[in-house]
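What follows is a single chain, given as structure tokens, in the form predicted on its own.
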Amino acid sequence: MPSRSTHEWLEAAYAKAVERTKERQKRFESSSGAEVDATYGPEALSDWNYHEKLGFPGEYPFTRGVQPTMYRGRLWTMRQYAGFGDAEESNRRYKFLLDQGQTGLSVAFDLPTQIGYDSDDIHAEGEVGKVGVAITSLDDMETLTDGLPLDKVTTSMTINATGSILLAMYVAAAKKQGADLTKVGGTIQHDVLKEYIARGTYIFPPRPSLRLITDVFAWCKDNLPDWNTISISGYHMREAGCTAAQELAFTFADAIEYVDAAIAVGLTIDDIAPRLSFFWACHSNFLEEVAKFRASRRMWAKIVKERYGSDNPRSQSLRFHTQTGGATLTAQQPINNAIRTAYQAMSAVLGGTQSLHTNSFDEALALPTESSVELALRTQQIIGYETGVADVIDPLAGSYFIEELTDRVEKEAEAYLQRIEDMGGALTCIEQGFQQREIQESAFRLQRMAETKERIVVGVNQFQTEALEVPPILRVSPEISQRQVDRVKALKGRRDQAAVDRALADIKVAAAGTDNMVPLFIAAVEAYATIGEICNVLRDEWGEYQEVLTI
């Protein structure tokens, strides 16, 4: 039988089948709106070079993974994001998760902590401990980490505008434990640029905020060598509505801005790149997400090698944490979210993540309960220990569709990255509202597709049920919030106020100059200065950021 091309088969046999039985929708497409063909054959990879595009695991361009053994060596870190109420309540949750087999901590902070207000501040009223744990001072951090050996347990802290101050508290708590700082590992998110783009928990204008980030880079290089100094995040931009390709492009544009800022103050690419980490979302388009993760590694390797001239494999290796899609969770039929999360987690594993958080099925309604968190963790453990997908490195490699899609996502992201470069870089684009507008337009398109049922969301716009399904809800007791407020007031009454005042005065002088701020923050928190007091000094010196209107 003579051979046919995939195109010829589509034009003949497939077209006749479609005439007999119409396809279930007019058009199949990726998150960016690019059309997805019915099938892919060798023609999709006609100019494709294995060694250029893939190589071997643990080698440039790292498409197949950053370690030669990947999960055959050890599984990804199962790092469930948690925190609520006060430090005492969250400490109990962390110990529970570690007892259930979690392999790393991930701290969620409440909104006052994220934007630099003490729990007893009038601006914090009604928000203390609601969406994360309230940490006002070193006293809270000591309670949060009580019984957790900080030189043995790695901790990820999702904190940005106040990231350098929370890092100072964590370092001070580790020192009080007697920990060797050279063995203290973890990650601080500290990615403030994406706050201006998509999330909103900023305080200071971008340029002084960049200074705090490069101060952390420099201090950690010499004092906290195992710490990941930033987690450059596409997650929140994806949650706000951007496409998979935009997620990569906007995140790498931010990464370039951070690296350039670090080089401008005397650091080198090889000083900082080995301690950079990234943070991706994983939404429900299963194969596109796998392709996105693979493309991200290849893109970063090329940026480090071609833009910055580094041949250091540790600098070229993109290490990332993944969180399943919070925006994909539904309040309707919430148990369905457990299924969504399982597929998203599997996609992240097939894409080669180093660390993973699986959302709990009840998170569209409230903070997760202990039982829903346990189920989310068990989801990861079942994938890792029962499915066999971790036994082979990059098992989808060589699939015509996966490789074509990986190339396509990379090409779309690179085109966006070039646009940002041509406009003057990420910071200039943020100040002009470019990324914000692009995300808004993408989010509007996604919403319209759901409203017209071009995109089916099970239980929301199709397959609805009359019954209202409400699982048990975790509610933060007002008594816990009040206990935290009382705790802060008591601390302020018993500390050495003169020592606090001296430390804050030193910070004010340094904020007007160029000295590294991290040692001063550590000294201040060791005197039990609070996050609000430190931030107020910086507000007085640097001002506050005003949002760019994009309409």
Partner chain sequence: MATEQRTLRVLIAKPGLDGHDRGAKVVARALRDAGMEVIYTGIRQTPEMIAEAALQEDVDVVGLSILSGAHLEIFPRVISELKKRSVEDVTLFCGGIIPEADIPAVKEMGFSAVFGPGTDTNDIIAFLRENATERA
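Quick caveat, the model's predicted, so the values are computed rather than measured. Numbering follows the first chain given and starts at 1.
One more form of this protein should be noted, the form predicted together with its partner chain, which is absent from this view; the next part is about it.
Enquirer: Heavy atoms, 4.5 Å, its partner chain in the predicted complex: which of 142 to 150, 341 to 349, 169 to 177, 445 to 453 makes the cut? Say which one.
Expert: This holds for exactly one stretch, 445 to 453.
Enquirer: Between P112, G163, G234, G83, only one gets a heavy atom within 4.5 angstroms of its partner chain in the predicted complex; which residue is that?
Expert: When its partner chain is considered in the predicted complex, the option within 4.5 Å is P112.
Enquirer: Exactly one of I402, I303, A198, I213 has a non-hydrogen atom within 4.5 Å of its partner chain in the predicted complex; which residue is it?
Expert: Contact check passes for A198.
Enquirer: Applying a 4.5 Å heavy atom distance criterion, does R72 contact its partner chain in the predicted complex?
Expert: It does not: once its partner chain is placed as it appears in the predicted complex, R72 has no heavy atom within 4.5 Å of it.
Enquirer: Residue-level question: is Q332 within 4.5 Å of its partner chain in the predicted complex, judged on heavy atoms?
Expert: Answer yes; at least one heavy atom of Q332 falls within 4.5 Å of its partner chain in the predicted complex.
Enquirer: Answer yes if any heavy atom of Q440 is within 4.5 Å of a heavy atom of its partner chain in the predicted complex; otherwise answer no.
Expert: Q440: contacts its partner chain in the predicted complex.
Enquirer: Wondering, does E547 line up within 4.5 Å of its partner chain in the predicted complex on heavy atoms?
Expert: Although its partner chain is absent here, E547 would touch it in the predicted complex, with heavy atoms inside 4.5 Å.
Enquirer: Using heavy atoms only and a 4.5 Å cut-off, decide whether all three of G58, L287 and L396 touch its partner chain in the predicted complex.
Expert: Checking in the predicted complex: none of G58, L287 and L396 is within 4.5 Å of its partner chain.
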